[in-house]
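Coming up is one lone chain in C-alpha cells, specifically the form predicted alone.
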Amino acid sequence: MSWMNDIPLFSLIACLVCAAVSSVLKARAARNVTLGLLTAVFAGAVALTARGVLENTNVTYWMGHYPAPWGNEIRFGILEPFLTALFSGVIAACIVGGNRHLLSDVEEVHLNRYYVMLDLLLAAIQAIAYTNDIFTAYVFVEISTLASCGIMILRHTGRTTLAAVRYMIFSLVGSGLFLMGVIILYDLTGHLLIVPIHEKLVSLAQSGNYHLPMTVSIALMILGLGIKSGMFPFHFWMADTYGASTPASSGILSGVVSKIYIFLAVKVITRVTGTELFYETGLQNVLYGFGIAAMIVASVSALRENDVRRMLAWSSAAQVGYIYMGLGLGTPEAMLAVIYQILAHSLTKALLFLSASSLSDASGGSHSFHDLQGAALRNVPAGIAFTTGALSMVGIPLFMGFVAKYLFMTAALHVENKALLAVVALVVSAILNTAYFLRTVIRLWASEGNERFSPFRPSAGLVAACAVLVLANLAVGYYSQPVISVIQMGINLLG
C-alpha cells in the first residue's frame, strides 16, 4: 500500500486548492467544501494511523529531485497522522457547532473568507505535523499565525479587532524568536532537514564545541513556540483572544492551534536535538518552572473571573501549564502524559467553548455568571455538554481529564528532585479547577432566577457537535489504555 505514502502531500495540496476555490464561492458552498475537505483529511489520517500501528515504522517521503540533505521531506509514523485526525475532527465539530454564531458574527459577504482561512490553517497544521524540514515548519507556522488572526478578525467588533492585534503581536514575536533559533541552528549545522541537523548537533556536543550557541538556538525555538502556545508568563493574550472570538474560532484556537505549536516543540526536543542533548542544556528546568507557575497563577485568574468564556481561556492557560511541566520533568512517562493531555484538552476545550456559547444564548447573550443562573435548565443539551467538559477538566474518573492528571502524577513521582513540587502543584491546581468549574456547574443548574429568561432551543448542529465531543471524551476516558498504547508507540517512533 505504498500509495498511502502520498496521503499527507495530497491532503496538503487539497487544502490549498480548496482555499483557492472557496475564495470565489458563496458562504454555504465554501462551508460545504471545507467540511468535505476536513472529512477527507480525517479519513486519510485515520488510515495512516492504523497502518502506522500495524507496521510500527516511520515513513519518509522524498519531495522533489534532490535527496537529503538538500531536498525536502515529509516524515510520519503514528503521532503525526493521529494528531492530524484529532485536529481535523475538532475543527469540523467547531464549524458545525458554531455555525449559528458564525452566521450572526460574520457578515455574509465575508463568510466565505472564514472558510478560506480554515483551509489554510488546516494546510499549516498538516505541514507542521508531517514536515521533516525545520524551515518548512517555520513557513507554515507563519501561515498558521495569519490564518488564526483571520478567523478572529472577521468578527467585526472593536474588542475582537483589539484582541486580534494583540494576538498577532505576541504570535509574531514568537515566530521571530523561532526563526532566529532556526538561523543559528543552520549556521551551526549547515542543514535544514531534521535528521542531518540532529546528527550534526550530536557530533558537536560530543566534541564539546559550540555548546552556548546550540543552547541559545534551542532556547529561542522553544521560547518562540511557548509564546505562541500560551506558555506562562506569556499567556495574558489568551483571555481576550478566546473570549472575544466567535465560539467556533475560540474552540479552534484553544483546542487546535496552540496544540500544534506544542507538538512542534515536542518534535524539536525529541527529533531535532534529541532528548538527551536537550536535557543536558538544562532548559527543561525553565519549562518545569513556567509550567508549575501557570498551573497555579492561571487557575487563580480563572477563579476570579466573572465571564464564563474568559474563565475558560484562563483555564486553557493552566492546562498548557500541565504540558510544559511535563516537558520539564523530562521522562518518557511525562512525554506520554504530555501527548495525552494534548488529546484531552483539544476535545474538552472545544466542547466547553461551544456549549458555553449556547448557554449564553439562553441567557440573553450574556456571558456573566449572574445571567447564566439556571441556563442549563433552559438549554439542557448545552448544560449536559458543559457539565461533561467541566467534570473532565476537574479530573473526575471515567473522563479524559482524570487520565491525564493520573499520568502526570505518576510521571512526577518518578522524578525525585521534582516530585514534591509537582505533586503539590497538581493537587492545588486540581482544587482550584474544582472550585471554579463546579461553582459554574452548580450555578448553571440552579433554579433560582431561572424565570428571567425563556427556554432556549439550541441548533441541531450544536447538539450534534457536542454529542460527538461528549461521546469521544467518555470513550477515550473509559477505554484509555488502547489510546495510551497507541500514543506510546508513536512516541517511540518520534525520536
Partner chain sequence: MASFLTNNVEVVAIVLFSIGFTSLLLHKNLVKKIIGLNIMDTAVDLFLASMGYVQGKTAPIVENGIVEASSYINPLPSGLVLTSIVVSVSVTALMLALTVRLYHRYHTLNVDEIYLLAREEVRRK
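Positions refer to the first chain, counted from 1. No experiment lies behind these values; they were computed from the predicted model shown.
There is another form of the same protein, the form predicted in complex with its partner chain; it is not shown, and what comes next is about it.
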Quiz item: Here the chain is shown alone; which of 173, 413, 398, 384 has a heavy atom within 4.5 Å of its partner chain in the predicted bound form?
Solution: 173
Quiz item: Considering 219, 177, 336, 102, which brings a non-hydrogen atom within 4.5 Å of its partner chain in the predicted bound form?
Solution: 177
Exercise. Check, residue by residue, if 138, 149 and 184 all come within 4.5 Å of its partner chain in the predicted bound form, counting heavy atoms only.
Key: yes
Quiz item: Would residue 156 show up as a contact with its partner chain in the predicted bound form if we use heavy atoms at 4.5 Å?
Solution: yes
Quiz item: According to a 4.5 angstroms non-hydrogen atom cut-off, is residue 142 in contact with its partner chain in the predicted bound form?
Solution: yes
Quiz item: Going by a heavy atom distance of 4.5 Å, is residue 423 a contact of its partner chain in the predicted bound form?
Solution: no
Practice problem: Could you confirm whether residue 240 comes within 4.5 Å of its partner chain in the predicted bound form, counting heavy atoms only? | Solution: yes
Quiz item: When its partner chain is placed as it is in the predicted bound form, which of 295 to 303, 162 to 170, 245 to 253, 390 to 398 ends up with heavy atoms within 4.5 Å of it?
Solution: 162 to 170
Self-check item: Members of 222 to 238 lying within 4.5 angstroms of its partner chain, judged by heavy atom, in the predicted bound form
Solution: none
